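Single chain ahead, written as structure tokens, the form predicted alone.
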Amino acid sequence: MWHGRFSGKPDKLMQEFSESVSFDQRLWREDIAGSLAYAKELLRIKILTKKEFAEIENGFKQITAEIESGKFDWKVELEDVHMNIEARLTQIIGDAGKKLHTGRSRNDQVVTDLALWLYKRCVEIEAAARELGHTIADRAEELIDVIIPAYTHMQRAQPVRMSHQLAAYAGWMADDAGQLSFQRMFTLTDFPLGSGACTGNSFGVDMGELSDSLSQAADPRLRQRRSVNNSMRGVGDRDTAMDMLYVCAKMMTHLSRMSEDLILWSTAEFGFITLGDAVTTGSSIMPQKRNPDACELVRGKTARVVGHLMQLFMLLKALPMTYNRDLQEDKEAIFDATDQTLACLRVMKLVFSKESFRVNRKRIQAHLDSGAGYMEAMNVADWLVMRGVPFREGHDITGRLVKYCEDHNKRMMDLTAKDLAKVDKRHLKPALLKQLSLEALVERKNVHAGTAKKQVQARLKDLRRFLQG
């Protein structure tokens, strides 16, 4: 590749140390698509003849068939996907293959390949996020009448419809999918092809035409003539990749929080749900165990994806302009982060499937009937406010009522008029006893984002529209 400058060969250890073809070969489709777009431009500016362009097209068809059939010989000594494909093209068609790299550098080539690859990966991950959102929304609609405790500080706070909490999860997926939709289009802006090594192209290629061809290579419906405005930035930054990894890290954080809730809900202490055999495993020593492995692995892989984002930040933070070989380290982070995110979305869809996500209604009701956490307390405070008691005073009265229950080992639902009078005869009237139900408190939250049944159902309909995109 550079025999004119060097008389010797890199040491075998150096070849193995510096190669990237073992992982960047997955860019082969994008590399061929970018090369064909560039070949068209070389034809337009008469660097290539029509005969040579046809030879290049046919050569790439043969290479595609070889790679798809597993017969392509990837060579470490050729370093990367770009040189492997170019070398094979030249081997097949001769001198026309040698012309293809005219005015082009691997620096603008690799960023172009990544942009095309990231577009397709955005499409896949966005679709998976929307599918997971719909699956969770399915469960939410089925469980509209199931009430569970909501927690703050991991202590029981107020009653909530399980569907309301599930809708929150689905809402995360809708938002993440929306951001991916934007990110998908952003990957196809600022195409760097034509930037050369770092200062541009000497042969007058039309970067707008290149961008248009590349956009259509990613998606035939697109027509987008936008190329990078600065050649140094075009080859020297990885902003699109960082943005993509940020979305993945955020999405994985959402999946991890869902997983943590499901892990807790499936414990014997909670018992709200039982996760199915498809997403759980047993113990090697304890025959009674049902371990929530799918959720635990999602939680664990989140650290991996967030770590890849941090890796990319650290990779870029001290790089001088423009391209440096350090940037070869971006691809494994990008590939693995997106692979893990896509896999986790698909696994969580399985977790939330009707077969795997089984709700233990009787166990939940037993938790509510226990009175633990005194979640009815908000009913008391609200009832007092509705009768003209200032909230802070009502808060104090309610707190004293809760303490009375604790001291006398009573549930709030067991209180009598005599009990209320012992705490505050002036304000706590017998009529309050009819209001001490969790269902009443849930229905009282009749605001746009609240837990009243009609509001939750309305928001689920809105959510479906968002998930449709």
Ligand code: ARG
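Residue numbers here begin at 1 and follow the sequence given. Predicted model, so just to flag it, every value in this text is computed and none were measured.
Unshown form predicted together with the ligand; subsequent notes refer to it.
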**Prompt:** Taking heavy atoms and a 4.5 Å cut-off, does residue 164 contact the ligand in the model of the complex?
**Reply:** no
**Message:** Within 4.5 Å, heavy atoms only: does residue 331 come near the ligand in the model of the complex?
**Reply:** yes
**Request:** Indicate whether the ligand has at least one heavy atom within 4.5 Å of a heavy atom of residue 80 in the model of the complex.
**Result:** yes
**Request:** Tell me, yes or no, whether residue 344 is in contact with the ligand in the model of the complex, where a contact means a heavy atom of each within 4.5 Å.
**Result:** no
**Complete:** TL;DR on 319-327, 164-172, 395-403, 143-151: the one with heavy atoms within 4.5 Å of the ligand in the model of the complex is 319-327
**Request:** Could you spot which one of 184, 349, 367, 106 gets a heavy atom to within 4.5 Å of the ligand in the model of the complex?
**Result:** 106
**Item:** Residue among 118, 309, 110, 218 with a heavy atom within 4.5 Å of the ligand in the model of the complex
**Value:** 110
